[in-house]
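Heads up, the chain below is alone and in the form predicted alone; it's given as structure tokens.
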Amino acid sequence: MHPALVVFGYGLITALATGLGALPFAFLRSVSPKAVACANAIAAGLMLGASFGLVAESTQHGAWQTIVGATVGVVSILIAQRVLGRHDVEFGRARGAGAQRMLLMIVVMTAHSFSEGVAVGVSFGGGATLAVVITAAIAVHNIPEGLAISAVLRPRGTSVLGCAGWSIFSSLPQPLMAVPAFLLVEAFSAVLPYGIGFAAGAMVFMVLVELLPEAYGHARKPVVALQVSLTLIAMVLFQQYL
């Protein structure tokens, strides 16, 4: 089998793993306002924890490149919010602000997946053993990312299957970017910190501007803060010992 097909297959595995994050929502019969707040808090904690891990990894490849990427990520979300705010957005059963939040979540996590796809492809340049380890790590890491996506989509009427589908969709850049990154390792290694920084900046901004304000609107602030903190710590530890 051609090496590029092998790389694509590994990248596809990481993308499919993201869909597993929707499974917990198969056991929820109803979604109350408090459940929405809880879901947003969980998503916020997972995304913040992932962002911290991304920054820690990215600065090893270039600190100022990471800062530039993060700044571009924040500006991109600002522009996306402005553009979406001018239209009556629909996403599944949701309309208006809820639909905008769902769409932004998909956009942010899809952008995040580009850097992970590059990481998979670049890892193959270091040999098969390194590639397997990195691919497995990203695949497992993608499950809570799918949970974060589902936590935003499910309370707004998206089916469990739909949540899994959108989660997998958000990770499709991983197999698509893994192949060119494998074929052009040196070129993609140079842009990796920019991409990782972009994803981290976009996720942090999304949490602070979209997820947390809504969570605080449906639950007591200490409860939301506790959920975010515990989820963030769990995500950081998960990445640390993965």
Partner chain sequence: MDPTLTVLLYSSLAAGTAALGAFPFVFRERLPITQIGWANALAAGMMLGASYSLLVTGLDRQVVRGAVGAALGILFVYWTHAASKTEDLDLNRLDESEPVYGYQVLLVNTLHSAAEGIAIGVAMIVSIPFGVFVAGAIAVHNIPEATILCAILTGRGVRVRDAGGLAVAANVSQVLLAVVTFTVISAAPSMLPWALGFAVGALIYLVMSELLPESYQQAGSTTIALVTLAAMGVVALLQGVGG
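Positions refer to the first chain, counted from 1. Everything numeric here is computed off the predicted structure, so don't read it as measured data.
Unshown form predicted in complex with the partner chain; subsequent notes refer to it.
For the candidate spot formed by R82, V209 and Y216, every residue has a non-hydrogen atom within 4.5 angstroms of the partner chain in the model of the complex. Among residues of the shown chain, V191 is not one whose heavy atoms approach the partner chain to within 4.5 Å in the model of the complex.
Interface residue remark: G201 is counted as part of the site for the partner chain in the model of the complex, having a heavy atom within 4.5 Å.
In the model of the complex, the partner chain sits within 4.5 Å of a heavy atom of F205. Heavy atoms of V55 reach within 4.5 Å of the partner chain in the model of the complex, making it an interface residue. For the candidate set V185, A35, I67, V179, a heavy atom within 4.5 Å of the partner chain in the model of the complex is found for exactly one residue, namely I67.
With contact defined as any non-hydrogen atom lying within 4.5 angstroms of the partner chain in the model of the complex, the contacting residues in 208 to 228 are L208, V209, L212, P213, Y216, R220, K221, P222, A225, L226, V228, given in sequence order.
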